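Here's a solo chain for you in structure tokens, the form predicted alone.
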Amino acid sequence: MTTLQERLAEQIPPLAEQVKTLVRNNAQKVVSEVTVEQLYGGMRGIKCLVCDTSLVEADTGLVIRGRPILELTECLPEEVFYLLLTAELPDKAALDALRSDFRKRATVPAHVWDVLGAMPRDSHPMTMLSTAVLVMEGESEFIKAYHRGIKKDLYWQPMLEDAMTIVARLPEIAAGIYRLRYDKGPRIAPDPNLDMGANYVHMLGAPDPDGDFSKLMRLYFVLHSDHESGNVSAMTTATVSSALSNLFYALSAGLNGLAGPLHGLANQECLSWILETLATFGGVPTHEQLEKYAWDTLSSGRVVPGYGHAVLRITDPRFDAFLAFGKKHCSDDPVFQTVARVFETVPNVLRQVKKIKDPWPNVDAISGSVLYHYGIHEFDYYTVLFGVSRAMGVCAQGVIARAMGYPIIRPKSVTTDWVQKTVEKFAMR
């Protein structure tokens, strides 16, 4: 049996050499250009980062290690974490070893609960999650190894230790935050016999007689696990980690970015619009009613939340995965029915608006509705679950970055005056 650590030790040396050779032989070749629009548009579309764990193309959606996300919907989150790191799905022995390793690491230190318990009662759940990760920083194996003088080409090993500890503990932390923040009673101890998704539901204290809620959380953690490295949470984590800050520091910073309304809070806004729609019509609206309602929304200067994506020009495959789950497990739920009917109606409206490049739904258009169905009605908690899932991807990226020896992230900035003068020079040619 080969453990995750042993498999990576086999893979990393030749991969690191491949990267060194690639850079050495092609150092001055141009792979991207930057326009003024991109410069002032949040760097959108500029190819300036390397992410080997996943890729998002306009016409395919999320692909993790060469596998389209829809091929992974039956996988456990633990399997996807292994895949993110190694580009391979584990066999049974490797999966059992990984889950056993997670169980050994999963106990959350008492001081984490002490700190969370001392926070103001109205603290935002994401503030609590970011704080919980940060106060575990003293346990970082990476920083201990760095101070001992570990060789640079071995940085990935203690970084992997930190990544596994973080991923192992986050479900219990997330469930504990829910019970503490919303007065659900004492924390519930983890069940070492359960997988990550089922164990989270168990610690949440939610009823799950048929196991469907556990199935949802397995799917949720898989679908949100990674999405390239250019989104705010991933890029923030990568930037902080590139300074050789350990993953506790880096992930805490990334979670703070995830908490923003333009990133991790989007599914809350989508669900609010759906509930508003239900209330407006006193139930699930007809297609005709929805078409007019969508036009009214656009005419008022608002957008239809969850429709459109910075990269995609197709329906987000993750939306498709949740839609299939909902049709199988909660097709009678009016909230889900409304989401499905919006999908059948709204793209036809948006295609008639010339400035809208992508009329199709992204994952946020539906992810909140399925959580709502299973009783999680506290909207501001949803991003915590996003964070638990996304930690797998950004932590895997951190391990790989140290294995490949990537340097500190330090792009060059310019002033508006510089841009103005440069544009004028081009105009004079």
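From 1 onward, residues are counted along the sequence shown. Rigid core (definition): largest C-alpha set, two forms, superposition within 1.5 Å. Given the structure is predicted, the values throughout are model-derived calculations rather than measurements.
Unshown form predicted together with a small molecule; subsequent notes refer to it.
The contact with the small molecule in the model of the complex, taken as any heavy atom within 4.5 Å, belongs to Ala310 out of Ala324, Ile150, Ala93, Ala310.
Though the small molecule is absent from this view, in the model of the complex it lies within 4.5 Å of a heavy atom of just one residue from Leu219, Leu85, Leu160, Val304, which is Val304. Within 4.5 Å of the small molecule in the model of the complex, a heavy atom is found for every one of His263, Leu298 and Ile356.
Asn362 belongs to the set of residues with a heavy atom inside 4.5 Å of the small molecule in the model of the complex. Contact annotation for Val349: none of its heavy atoms lies within 4.5 Å of the small molecule in the model of the complex.
In the model of the complex, the small molecule stays beyond 4.5 Å of every heavy atom belonging to Tyr382. Contact annotation for Arg44: at least one heavy atom lies within 4.5 Å of the small molecule in the model of the complex. Considering the small molecule in the model of the complex, the lone stretch of 66-74, 24-32, 362-370, 51-59 in range is 362-370 [heavy atom distance within 4.5 Å]. Remark: with the core as the superposition reference, the CA shift of Asn193 between the shown form and the other one stays below 2 Å. Relative to the superposed rigid core, the position of the CA of Val304 differs between the shown form and the other one by 2 Å or more. If you fit the rigid core between the shown form and the other one, you'll see the Cα of Tyr146 move by less than 2 angstroms.
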